[in-house]
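This document opens with one chain alone, in structure tokens, the form predicted on its own.
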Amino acid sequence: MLKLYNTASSKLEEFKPLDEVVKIYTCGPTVYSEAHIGNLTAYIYWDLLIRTLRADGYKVKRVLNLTDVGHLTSDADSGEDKLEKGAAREGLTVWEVADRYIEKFMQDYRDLNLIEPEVLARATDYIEEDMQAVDLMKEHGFTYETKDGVYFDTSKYDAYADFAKLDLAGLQAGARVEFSDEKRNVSDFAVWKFIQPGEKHAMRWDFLGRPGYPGWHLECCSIIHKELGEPIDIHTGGIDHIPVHHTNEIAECFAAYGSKLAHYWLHCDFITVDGQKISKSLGNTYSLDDLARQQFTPIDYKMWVLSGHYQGTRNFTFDSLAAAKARRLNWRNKIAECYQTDVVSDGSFEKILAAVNNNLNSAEAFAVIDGAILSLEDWQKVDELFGLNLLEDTPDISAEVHALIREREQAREAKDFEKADVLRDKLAELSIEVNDTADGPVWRYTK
């Protein structure tokens, strides 16, 4: 039985799918720069969600959006557009910047061995749907127009504050989003922005008689409506999405389509680096490429992420990453043992699966794995559940390596220790260590 913590109800709930196929939407990246490890953490957690659902026998259809337009530098309705900022930084067009960083994000995605969503949705492919949604919201009486855009009137949606438990009466102008004299309420937000005279904005579409672009919350509402249909089963994102982005998505969906957006809302917490918030000014925005320069793989990082819980605040250090790498090597050598002896399972895989079914508790599952006796078949299930490439990186040694081990053993028996040492060094170059036991040589991986 899968149980998930639902932000909407603030409690752990038994998961009950709406239909035969579980519909999931994941808020994706804004593709104006390279993703750092903090950005990538959420996708590792939601990969575990998909793998757990599959292990439980569910069919899944997931959509992940790629924000390549309309996302300003904060949750405000004004400011510099991130794509324009990236284009100016790199001397490219906004379209070229988006293409570059979508390609890099998807490469990181594959390097982390994450299951790719059934639909990758670029925001710029849904502009017509955005316009239709704005027309519907206007028709239903939820919007008003100002000189700089079309705004959602949050006073018209009685449940606006419910999801994030907002104190609307206590909100001060500018405390959450930038306030303007034309906004009726401090919590109102732009669903469509008009391009002002002299404003630089390469991505623009004619709508309502003038050029403009969608507010960044709108794309998720439009994409979900077209690709999945509301309500969906599960909507995922980070805790930073709760008070503004997801709150606004819920309001837009109701205003346009008269429907609940999602039944379950899952939100992951942030990571810090050496106890500090990730920030370019602090020099701690590590990418997967940066980790590689420190001799760590993307799967080492995935191992570190899954060593904790998605709702927990995590602090990244290179020492903790090294510990995660060592833990994975230990598991790989347990697999190596399965190639050499007839390991009889102690039945722990059911406990492992039960742990992840308890609100994706990978930390508890990993603790079970550490102490478990697993057969090769069990390890295959573990690898499918967590996507750690354990068996891919731990193949049974080749006939040539077996021959080297036998030759070394023969040299030792003949007391030709100089030859045995040479063969030992050859095996070490192949990342194989041989331990001599009463039952014969036992090999293991060293990295």
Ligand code: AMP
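Just count from 1 along the sequence shown to find any residue number. All values reported here derive from a predicted model rather than from experimental measurement.
Another form, the form predicted together with adenosine monophosphate, is not on view; read the next lines as being about it.
> Answer for residue 271 alone: is it within 4.5 Å of adenosine monophosphate in the predicted bound form, judged on heavy atom distances?
Residue 271 belongs to the contact set for adenosine monophosphate.
> Taking heavy atoms only, is residue 51 within 4.5 angstroms of adenosine monophosphate in the predicted bound form?
The answer is no: residue 51 has no heavy atom within 4.5 Å of adenosine monophosphate.
> Taking adenosine monophosphate as it sits in the predicted bound form, is residue 240 in contact with it (heavy atom to heavy atom, 4.5 Å or less)?
Answer yes; at least one heavy atom of residue 240 falls within 4.5 Å of adenosine monophosphate in the predicted bound form.
> With heavy atoms only and a cut-off of 4.5 Å, decide whether residue 381 touches adenosine monophosphate in the predicted bound form.
Flag for residue 381 set to no.
> Only one of 82, 193, 183, 332 gets a heavy atom within 4.5 Å of adenosine monophosphate in the predicted bound form. Which one?
Checking each option against adenosine monophosphate in the predicted bound form, the one that comes within 4.5 Å is 82.
> Between 373, 291, 354, 278, only one gets a heavy atom within 4.5 angstroms of adenosine monophosphate in the predicted bound form; which residue is that?
For this set of options, the contacting one is 278.
> Which one of these stretches, 108-116, 292-300, 195-203, 262-270, sits within 4.5 Å of adenosine monophosphate in the predicted bound form when only heavy atoms are counted?
Looking at the partner contacts, the answer comes out as 262-270.
> Give, in sequence order, every residue of 29-56 that has a heavy atom within 4.5 Å of adenosine monophosphate in the predicted bound form, or say none if there are no such residues.
Heavy-atom contacts to adenosine monophosphate in the predicted bound form: 32, 36, 38, 39, 41.
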